[in-house]
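Presented below, as structure tokens, is a lone chain in the form predicted on its own.
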């Protein structure tokens, strides 16, 4: 009997950590989806994506806590500002170097990262901030505790991934994005406006990033340097899932998040990043193209 309870307790702990991992995995998926869209269309490693995401989180915090706006309205305004910011980044930073050597876009991406980090520091300060919500209930299901906020984060991530999938697969704009990603010259011959597609891609990418920033700010905290760590995880997810693969970004993000949570719960939170990246390296040794990438 004692073995049963011990086994049952271990199973509950595993489920508990998987739920925790799904919440942070959902954040990684949103970051990775934004990165994979930009990389797939323009071939740009958009390093500033994490810092832009944190800008969205900071802005939501400022609007809701400092100005007293309802959280939903603050998030909506942050999303709109994020879309405008994404379009501005494509027009002013990346478009001028679109046809230049790839190293130029690489340098621009690094410069943008430092610039956005500086803006965040200048406008929002160096202190860490937490986006306050009213989702403080805790549900208990079969011995597994599920904080209300984590549940909503998971559901929001599922909804955004579903909306993103429908947009890319079912809409004409989504089909145009896929066409440009597969063959830009053929897309031009088909009459697709290849100058508009990057604007749409950056708008969507930044919007997803802002959502991820809000989730990080409400689940944990936002502080200088968090965005840089987040974008590293996003690129790790891209490589793990397969470069340019949207389903791969989803699977890779969840695998990385759950692995981190299990490592933190059963070994030590100090080694969760090491173990997660070790798992990623092992996967790549077996499948160099990533979990869902094409050989």
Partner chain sequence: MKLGTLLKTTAVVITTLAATSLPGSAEEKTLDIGVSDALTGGAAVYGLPQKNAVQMAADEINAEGGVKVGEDNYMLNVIAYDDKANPTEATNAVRKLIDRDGVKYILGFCCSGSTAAVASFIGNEDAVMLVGNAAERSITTLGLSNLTRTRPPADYTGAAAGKFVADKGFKRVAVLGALDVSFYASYVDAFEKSLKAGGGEVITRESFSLKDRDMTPQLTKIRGMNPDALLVVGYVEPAAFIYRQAVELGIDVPRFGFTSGSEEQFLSVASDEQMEGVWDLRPTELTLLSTTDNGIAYHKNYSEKFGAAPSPSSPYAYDQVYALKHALEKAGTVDDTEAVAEALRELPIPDEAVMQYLPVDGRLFDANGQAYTSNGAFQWQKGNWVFVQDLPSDPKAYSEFLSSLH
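Residue numbers count along the first chain shown, from 1. Computed from a prediction, not measured in an experiment: that's the story for all the values here.
Missing here is the form predicted in complex with its partner chain; even so, the following discussion is about that form.
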For this session: From the candidate stretches 42 to 50, 63 to 71, 238 to 246, 260 to 268, select the single one in contact with its partner chain in the predicted complex, where contact means a heavy atom within 4.5 Å.
Result: 260 to 268
Exercise. Is there a heavy atom of residue 278 no more than 4.5 Å from a heavy atom of its partner chain in the predicted complex?
Worked result: no
For this session: Indicate whether residue 274 is a 4.5 Å heavy atom neighbour of its partner chain in the predicted complex.
Result: no
For this session: State yes or no: in the predicted complex, is some non-hydrogen atom of residue 110 no more than 4.5 angstroms from a non-hydrogen atom of its partner chain?
Result: no
Exercise. Is there a non-hydrogen atom of residue 12 within 4.5 angstroms of a non-hydrogen atom of its partner chain in the predicted complex?
Worked result: yes
Problem set entry | Sole residue of 118, 125, 96, 143 within 4.5 Å of its partner chain in the predicted complex, by heavy atom | 143
Exercise. Which one, 173, 132, 183, 195, lies within 4.5 Å of its partner chain in the predicted complex by heavy atoms?
Worked result: 132
Seminar exercise, completed: Taking its partner chain in the predicted complex and a 4.5 Å non-hydrogen atom cutoff, the residues of 204 to 220 making contact are 218, 219, 220
